[in-house]
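Just the one chain here, the form predicted on its own, laid out as structure tokens.
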């Protein structure tokens, strides 16, 4: 049995795909350096080579842009078990049978990838409405903790919505932030985030928003089960109307 070790980046994964074709190998495991290695399997380290990653990318784009987006977004699906191996098997089928392989839902690999994509994209769609920004020294900041790597989807959404604003969305689960200015947007790895004290105006806005949220509620019609159905508990800690006030300068958990 063959297994690969890589750095966890998308280019690193595409380099693994290139190597599997070049070596005519079928790795049964592809994992990152920080994961626990199996005791009875020697893993081959795959060095990330952007030029090889681009060759795989161009090959997928020649099939169609939809195929490329399926693979690219599939890599964001942390909810998918054996994510890298499933995506590799999908790519092998796509290169062998063409774009039609992507809609062969009876195939276990294709079915697994599509289910994961649906879960990831739904999470991104929900967060585009649940994200709450607070102002810190003229910069809008939001903190999220998603199961999947939905930050690229949110970055695209809010860059279009707030093109002239300075804002940051921090994914504390994956330790990555998207920082947007009027000139550019970029992703930055951040292990921990300590927010500064909020100003009086921001504190007042938070208080008014909570007061509005409390006053529009109808106690006689309260339905916690229905609320959890439409707004899962895991989205609430960073929503202003549900979160307890963070002490000024407190380091965020995670």
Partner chain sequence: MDTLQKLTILADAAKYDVACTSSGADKTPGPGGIGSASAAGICHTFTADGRCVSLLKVLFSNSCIHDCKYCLSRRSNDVPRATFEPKELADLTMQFYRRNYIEGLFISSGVLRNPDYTCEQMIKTLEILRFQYRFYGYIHAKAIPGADPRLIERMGMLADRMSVNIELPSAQSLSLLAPDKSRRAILAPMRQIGDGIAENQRDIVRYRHAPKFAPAGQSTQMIVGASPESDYQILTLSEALYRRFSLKRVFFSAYIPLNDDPALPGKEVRPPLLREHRLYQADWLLRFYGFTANEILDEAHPFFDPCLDPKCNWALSHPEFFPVEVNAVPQEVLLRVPGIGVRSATRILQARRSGALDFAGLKKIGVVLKRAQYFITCRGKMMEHLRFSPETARQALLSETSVSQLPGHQPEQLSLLTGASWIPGNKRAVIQEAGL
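Take the two forms, superpose them, and find the largest set of C-alpha atoms that agree within 1.5 Å; that set is the rigid core. As the structure is a computational prediction, the values presented were derived from the model and not from experiment. Residue numbers count along the first chain shown, from 1.
There is also a form predicted in complex with the partner chain; it is not shown, and the following applies to it.
Screening 147, 175, 118, 72 for any heavy atom within 4.5 Å of the partner chain in the predicted bound form leaves a single hit, 118. Only one of the listed residues (41, 190, 47, 226) places a non-hydrogen atom within 4.5 angstroms of the partner chain in the predicted bound form, and that residue is 226. Although the partner is absent here, residue 82 lies well away from the partner chain in the predicted bound form, with no heavy atom inside 4.5 Å. Taking the partner from the other structure, the partner chain in the predicted bound form has a heavy atom within 4.5 Å of a heavy atom of residue 209. Although the partner is absent here, residue 153 lies well away from the partner chain in the predicted bound form, with no heavy atom inside 4.5 Å. Residue 213 belongs to the set of residues with a heavy atom inside 4.5 Å of the partner chain in the predicted bound form. In summary, the region of this chain contacting the partner chain in the predicted bound form, judged by heavy atoms within 4.5 Å and restricted to 102 to 110, 180 to 188, 87 to 95, 74 to 82, corresponds to 102 to 110. Annotation for 215 to 240: interface residues with the partner chain in the predicted bound form are 215, 216, 217, 218, 219, 220, 221, 222, 223, 224, 226, 227, 230, 231, 239, 240 [heavy atom within 4.5 Å]. Taking the rigid core as fixed, one finds a CA shift for residue 28 smaller than 2 Å between the shown form and the other one. The Cα position of residue 66 differs by less than 2 Å between the shown form and the other one after fitting on the rigid core. Once both forms are fitted on their core, a CA shift of 2 Å or more is seen for residue 210 between the shown form and the other one.
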